[in-house]
Structure formats: C-alpha cells, structure tokens
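In the form predicted alone, a lone chain appears below as structure tokens.
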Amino acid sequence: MSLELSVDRSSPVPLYFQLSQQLEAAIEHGALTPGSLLGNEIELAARLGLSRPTVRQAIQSLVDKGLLVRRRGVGTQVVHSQVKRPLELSSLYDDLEAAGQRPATKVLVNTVVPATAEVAAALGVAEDGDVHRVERLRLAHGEPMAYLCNFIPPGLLDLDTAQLEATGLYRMMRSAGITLHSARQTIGARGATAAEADRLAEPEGAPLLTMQRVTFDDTGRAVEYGTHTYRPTRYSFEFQLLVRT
C-alpha cells in the first residue's frame, strides 16, 4: 500500500478517526482497490507515529462498515466499497456504473400478471388488468446487491429479457422515448425472509433495506412501480437536508 496518509495531532478529531476517514476515502475513490492488502498494524503505526491500539481501532471501524475484512493467513484486505445512492431519480444500474462497480443483471421473472389492488392503485390501472412483472437480481463484481421487482403498464415498451440483462430499466425507457420526471418513494427496513436471504447471500432474518417507488413521466403518467430489497452492508441511501426558510 502506497498512500499519502497523515494525522493532525493538534486537531480535536480523534487520531483513529482521522486515519479511518483517509482510508475510507481511498477505498471510495479507488486508490485502494478491492483485494488490496493493507500494511499490518505495526507498519502503519510506525509510519504514522501512532500506537497500535489507535491503528487497530481505525481498521476495526472500517471492518465494521464492511469496507475491510481480516483474513487469516492473508491480512487485512479491501472489499468492494458500499454504494451510496443519492436521493434522486436514478436507477441502481446507473448508480453502480458511476461507482465503478461493474453491474450485472440476472432476470428471474419476466411475465404478464393480473394487477393486484396495490399495483393497480400505484399504476392507475384496472385491478386484475394485465401488467408486466419483472424480477431481477442486480449484482456488482459478481456479488448480489439487490432484488428488484417492477410492475410496468402494458404496451409501454418492449421488455426483452436480453435487454433487461444488458442494461437498466430506466435506460430502456429513455430509449423508448419516455421522459422520466418524478417519483414517489418510501424507504424502510425489515428482516430477510428465507427466499430473500437465499437470493442475496445473507442469513435469514438479516436486516435488509427496502424501497417502494412509483415513477412518473413528464405527462404525469405512472410508468413503473417497484418494490426492492437491498443488502445494507453493500448499499446505503444519502440524503441532503435543507433548512426550510
């Protein structure tokens, strides 16, 4: 590892936190790539003039965040960084690409089903009328990131399975001339069911992030209703909050 690391002993910020923030930034910006090995605690401590417990605390904080992993016989290794999704109308595929995460998609279901009352209300279609149901597993670097279930009104666009695996749903909509304008979104959390745990490689009952979203085009028409689950060890939402004046 050859990084420019330093600590400011005159700062009120704890030394371990200064170090952990610099290492986290290096991981997020690609200076420390997945699979990279950190120097051992003794080397880092000597290099920065810190105590071993301080360095150990900095590293442990990143292990707890899922950015580093301690492997017996190997050392402390960088794992794939968490995707931080800004709260804006974007697709997971685009967010993963922007984060350099090499997205891939596995289509699990692509069919037409009768709209339930919930789906009909979200999309503004008749209950029991036909809607497309698409279920996908989104991966990054070969690891599952999210399970995506979307409902799309009939006749909106060609939902070709090969295309769904090659690109994102929103890109397909834009290519079809649909202008995405706004969305109504709810974010929550719950424990993973057995099926979800199996899909996302998490233990049953593990906490999952959930998101429900209805997306509208520039005419106010609902163009998709999605209900998704995400691995919180690999994914988070970022909010920017402003004071109302």
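Everything numeric in this text was worked out from a predicted model, so none of it was measured. Counting begins at 1, following the sequence as shown. Superpose the two forms; the largest set of C-alphas matching within 1.5 Å is the rigid core.
This next part talks about the form predicted together with the DNA, which is not shown.
Note that among 176-184, 46-54, 202-210, 215-223, the stretch whose heavy atoms approach the DNA to within 4.5 Å in the model of the complex is 46-54. Contact check for L15, I42 and G73: all three have a heavy atom within 4.5 Å of the DNA in the model of the complex. Relative to the superposed rigid core, the position of the CA of T229 differs between this form and the one not shown by less than 2 Å. Relative to the superposed rigid core, the position of the CA of G177 differs between this form and the one not shown by less than 2 Å. After superposing the rigid core, the C-alpha of A192 moves by less than 2 Å between this form and the one not shown.
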